[in-house]
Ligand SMILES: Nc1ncnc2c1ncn2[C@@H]1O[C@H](COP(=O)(O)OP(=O)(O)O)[C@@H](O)[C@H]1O
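Encoded as structure tokens, the following chain is the form predicted on its own, with no partner shown.
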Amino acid sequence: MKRRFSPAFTAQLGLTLAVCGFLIVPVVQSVVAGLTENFMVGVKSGLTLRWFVKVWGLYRETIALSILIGLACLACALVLGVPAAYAMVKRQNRLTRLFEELLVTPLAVPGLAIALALIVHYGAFTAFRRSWAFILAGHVIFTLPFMVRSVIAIMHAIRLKDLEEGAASLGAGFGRRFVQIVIPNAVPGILAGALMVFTLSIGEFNLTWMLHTPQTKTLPVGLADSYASMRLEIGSAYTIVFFLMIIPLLVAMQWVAKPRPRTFVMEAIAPATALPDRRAVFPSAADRSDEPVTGSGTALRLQGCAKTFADGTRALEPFDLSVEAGETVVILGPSGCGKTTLLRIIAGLESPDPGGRVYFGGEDVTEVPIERRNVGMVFQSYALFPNMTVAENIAYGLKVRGVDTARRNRRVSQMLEMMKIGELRNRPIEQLSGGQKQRVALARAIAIRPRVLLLDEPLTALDAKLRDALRVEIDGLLRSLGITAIYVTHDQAEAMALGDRIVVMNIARVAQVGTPREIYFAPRTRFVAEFIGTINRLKGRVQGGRLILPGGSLPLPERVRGPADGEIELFFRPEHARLVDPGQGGLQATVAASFFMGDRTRLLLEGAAEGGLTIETAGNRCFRKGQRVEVVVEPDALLRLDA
């Protein structure tokens, strides 16, 4: 069957071919002119290389000088531009923004104006004025913005901050992070900037024409002279020289930028059929006499920790917290409440306000940077290194610590099998799914035997089914390892499932600390009660030991009665109410809506209390809108909460 193309596709293809023809045909003609005896006669005059040889004989010093200046300009742009771009990405403030504006000024100023400014200010330095370094200075000023802009763009794209913090959490200092993480992952932007710098330097005419002397002619100036004073064939041969210089550079840069498959060779181990025993991951001193002895969990204590940012924002009010060795504490709260700031203070990525202290065991680590705290951290973005395979990511922290190759390989194999991702060991990071990335990030954090494991909303980006499955796996893993863990989330189900204790936060303050059962059944404030699960509100008047409501009345326990004959507000959970037969002393209500949820049915009732009620009943019962029902609330489940 003959394939038919749409009119839009045909028009786009035709336009593309026309533009290519418009650009390519003159280039081909120029090349042919440099290879024919007489361009006016055409190819039938004969092909020859004598014009090329003549150009080489007349201008080889000019060509060599152009290459020298181009390479020197590239070197200067790399040495100056990459660190400058890195600094501007790292320090986003008014000064760096001003510096960036000044840096791109040469793009808005004609090359002739730049050259004139250099001549006016530095022309009196005769030796400098007559040397090729004078041209180089102009080229660096003109091309440096292209390098900086290219590198800034790629550093933003790779989420540089996350990658650096990930490397720091594994023990890498600044120098190691810059060389092993920043530069390799910024290579595409560096190569794009390098190509732009070199080609601009080689081909720049206006600025070079103003700055050159008879002894410092470059290729563009020589090319202009050849077209003006010699045969067209010589000028075209000069153009061929330009192509021969640029095309190999393009090919070389493409070759350097091309990703290459790598294999991480490791010793084979028996496949894991179940979660390994804790001793397999954190061996005892007797089992690993050749390795440093590190504990599986360290007690953690925060004392008077608060955080105020430079702009005056109060991210965290002062508070104290103690975490036992091997305990899992979940920090729970809505977005912007300060929970990630708290985690970053524990990690060493943020410093508490003066007076705040952080202790690991009995050691004060407040002033110790993250790379020397020996914490494992799983970031919300995972912060996996794109320039490394799965196995290399897991091995990175061990390599930083100087663990020898054999032990490092064994450790990585253990982590891969423990996380059930052994088949992914040589896979690039960009080829992993969200769940696989989460497992790799967790394996990388655990591999270094951290004193404290920190997890910053690691399941947020996953779909609900995978999130539930991984939640169970993480819970089993943490409890089998006995590692001290601080887990940040805004998901109440995660907090209830994973935490030995939960720290509930609200607007930079700790609202309550307690076990999951304490937080759910005995909330201390209205915010905690409403944030954790569903809560019903009963607002009414106390009369004769009963609470008078629109749908009837309820008996009140002594502990919640308050002033006699006064108005009070009480709360209860949906599961602490039940439907009863008519006339059994419950609250009268009408079904506003019902939602079948499999094992139970959730009812929204109106008329019983101001604002309505939400209760749950058996899933095998059916209800219709407007149906009259009667509700009884368990008196012992009534809560009286502070505002």
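These numbers come from a predicted model, not from an experiment. The first residue of the shown sequence is 1; numbering continues from there.
Just so it is clear, the following notes concern the form predicted in complex with the ligand, a form of the same protein that is not shown.
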- Item | Heavy atom contact within 4.5 Å of the ligand in the predicted bound form, the stretch among 333-341, 213-221, 90-98, 297-305 | 333-341
- Exactly one of A113, A315, I246, A325 has a non-hydrogen atom within 4.5 Å of the ligand in the predicted bound form; which residue is it? A315
- Message: Looking at F309, F174, W255, Y122 here, can you tell me which has any non-hydrogen atom within 4.5 angstroms of the ligand in the predicted bound form?
- Response: F309
